[in-house]
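Structure 1 and structure 2 below are the same protein chain in two forms, each given by itself as structure tokens.
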Structure 1
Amino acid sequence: MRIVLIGAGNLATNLAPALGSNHRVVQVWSRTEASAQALGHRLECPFTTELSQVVTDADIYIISVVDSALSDIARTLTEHISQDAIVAHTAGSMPMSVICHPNAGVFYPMQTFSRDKQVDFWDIPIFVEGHSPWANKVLMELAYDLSQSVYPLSSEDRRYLHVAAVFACNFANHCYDLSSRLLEAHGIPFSVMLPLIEETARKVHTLHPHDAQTGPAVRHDHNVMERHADMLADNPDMQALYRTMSQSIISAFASNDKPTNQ
């Protein structure tokens, strides 16, 4: 497939080398000259900063830009490219409908990307949606060339996937951050927590997180919880979070096992 990359950020930079020999990036667009040039040189392909200069006859256009720019860029792009092409964005939190094109689609690899560290796409789940059966088929095949875990997913369900990722990653990281502050305030380096953090993350590979839950809340150890809350009195935000979290754990175990969110 002849692919045009719209956007030359972290995702595009990681995606391009993973495409392999079945596919060829024929052009790179970026609003920023330096980014367009850097990725163009890296892939040995033409680049441009003008959407009007984007080739009109590629097979797939992959738009990886910041959410706020996606709608405008998609509109300008779809005005002049072929109606037979496929135009997909890579944004986890944006609906497919933001692209108005008969072969619109979504191609969402769920991982944190950084420009400097090449990631192995093979382990990254890719979520695919196609407005037409053709877009769906081509994007699914492209995903299977890159990854061992590929899922068709509607825009509606992808919104929940995104919230789920906020819980599992952004919120988990904030728990690490609060932990680091408590430690550092008592002269203990955060690094002491790393083996336990790693084990906690590794455990849920083999055990459902519900079954892996430990700590005072799941044991209903109200003495310990009250002592902990008292120790956090200096920091009302952290104390409130401790209480809300503990209550949420207690609720999760008060109803039946593994309740759904309904």
Structure 2
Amino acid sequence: MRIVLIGAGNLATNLAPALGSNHRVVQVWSRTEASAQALGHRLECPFTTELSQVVTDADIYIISVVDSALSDIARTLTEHISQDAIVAHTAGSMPMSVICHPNAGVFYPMQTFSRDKQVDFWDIPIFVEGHSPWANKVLMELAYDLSQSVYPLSSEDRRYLHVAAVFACNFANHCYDLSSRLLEAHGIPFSVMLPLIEETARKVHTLHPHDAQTGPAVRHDHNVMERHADMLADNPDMQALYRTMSQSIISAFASNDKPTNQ
């Protein structure tokens, strides 16, 4: 398949080499010339910063841009490309309908991406939606070329997948950041937390997260929780977050009923 990448950020930088020999990126577009040029040179393909100069004869156009720009970019792009092409975005929280094209679709790899760390797409779940049977077929085949975990998923259900991912990834990483600030303020390296973080992540491969939960809130150890909260008095935001998270855990264990999805 001849593919144009619309966007040259974290996701596109990881996706491009994963496409392998079965597919060819024929052009890269980005609003930022430096980003377009860097990825274009890496792939040895042309690049542009003008949507009007995007080639019109590609098979698939994959749009990976910030959500706030997606609608405008998709509208401008679809004004001049072939109606036979497939146009898919990679946003977890945006509906497929943001692309007005007969072969619109969604190609959502659920992973956290950074330009400087290449990930293995084979282990990344990819969620696919197609407006037409043809778009759905081609995007599913593309996904299976890249990953062993491919799922059809509607825009409505993908919204819940995305908010769940925010809890599991973004909020968890923010807690790592808060932990590092506490430690560094007292001369303790964050690296001491890594074995704990890694074991916590390993446990949920074999245990439901509810069953893997430990800590003072599960034990209803209110004396410990109050001491912790008092220690955070100079940081009201962190103190409030500690109390909210602790109460959430207590509430989750208030009933003897186990989660229904175990």
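All figures in this text were calculated on a predicted structure; none of them were measured in a lab. Each form is matched to the other, and the largest set of C-alpha atoms that superpose within 1.5 Å is called the rigid core. Residue positions are counted from 1 along structure 1's sequence.
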With each form of the chain shown alone, which structure should be assigned as the form predicted alone? 2
Rigid-body hinge position between the two structures, taken from 34, 237, 198, 156: 156
Name the rotation angle of the smaller rigid part against the larger part between the two structures, given in degrees. 12
Enter the rigid core superposed C-alpha shift of residue 248 between the two structures, rounded to one decimal in Å. 4.1
